[in-house]
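Just the one chain here, the form predicted on its own, laid out as structure tokens.
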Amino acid sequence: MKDELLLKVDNLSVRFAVKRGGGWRKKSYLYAVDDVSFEVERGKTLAIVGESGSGKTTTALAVARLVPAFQGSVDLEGEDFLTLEGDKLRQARAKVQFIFQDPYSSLNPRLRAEAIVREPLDSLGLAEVDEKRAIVDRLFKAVGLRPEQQRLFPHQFSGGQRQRIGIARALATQPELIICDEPVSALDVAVQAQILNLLRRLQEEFSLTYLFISHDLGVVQHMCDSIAVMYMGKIVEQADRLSLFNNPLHPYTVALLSAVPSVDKKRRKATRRVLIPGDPPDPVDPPAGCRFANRCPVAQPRCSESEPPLRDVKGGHRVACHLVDESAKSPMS
């Protein structure tokens, strides 16, 4: 029996108007996210990975309605989150919370730690005063902070401790979905491991569902149940974690995985480093065919002529590549 779906995103697109030149020229658009679809099961973690500018963070912001979507739907527990207004939107916002990338700029420096964690409860009008205090006490304990630290200001904490405050704030409304936007990229390596272990423990303890945004496949390898790889606003490959790491199909995914460092000497020798030449195409004027074609080492003429659909090739392993057939073998192998 398939696990219960919490989030279902269909044909999500985000476009930003840009000016090119003066006069009466037609308005142009930057295609930040273009026709993206994915699902997240309750209690699971889906990672969206890709290099800078791939659209992964913009996708997450659109899901949370922190940037406007151009088209598409975001079904959260049977309701389209993008169409909600008024009280319904207010109630739904409590179900979706964000853990931001930078623990230094995401916390209000003028508020004490307890007020920062309590802030979502105050803004959404949830809980009475005594109940809020009890919630804050429980959350500080849950993320590994001491009770007396509630009275401190953000500058009195280390980077890892600040991210713990951000995690506690995200948990305050008992959300159904937590969006983690590069939550450890600004931290030291040793602290990254602590925060990732904390997120996994909290997921088990509170039955949390994560949408995990990252450029680091080494991080998501230990965090996620399934992975979607984005390039130039498109999902080019999506599979469960084991399938994607053991049998990457899209040339872009193969290149990304070849750059993941490993302590295993045999694996290092067996992995051929794949370099991606050139630059991505113009997102304001994307090409007609595959957006990776101009950088792909195995591209054929048809790759530049028509856009490959994202299709299921083997047991839920989806890929957008003309050169991958039903045998589910990568053209890079």
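Residue numbers here begin at 1 and follow the sequence given. Given the structure is predicted, the values throughout are model-derived calculations rather than measurements.
Omitted here: the form predicted in complex with a small molecule. The next part is about that form.
For the options 39, 51, 35, 305, the one in contact with the small molecule in the predicted complex, meaning a heavy atom within 4.5 Å, is 51.
Here is the short version: of 298, 30, 66, 274, the single residue with a heavy atom within 4.5 Å of the small molecule in the predicted complex is 30.
The closest non-hydrogen atom of residue 45 lies beyond 4.5 Å of the small molecule in the predicted complex. At least one heavy atom of residue 56 is located within 4.5 Å of the small molecule in the predicted complex.
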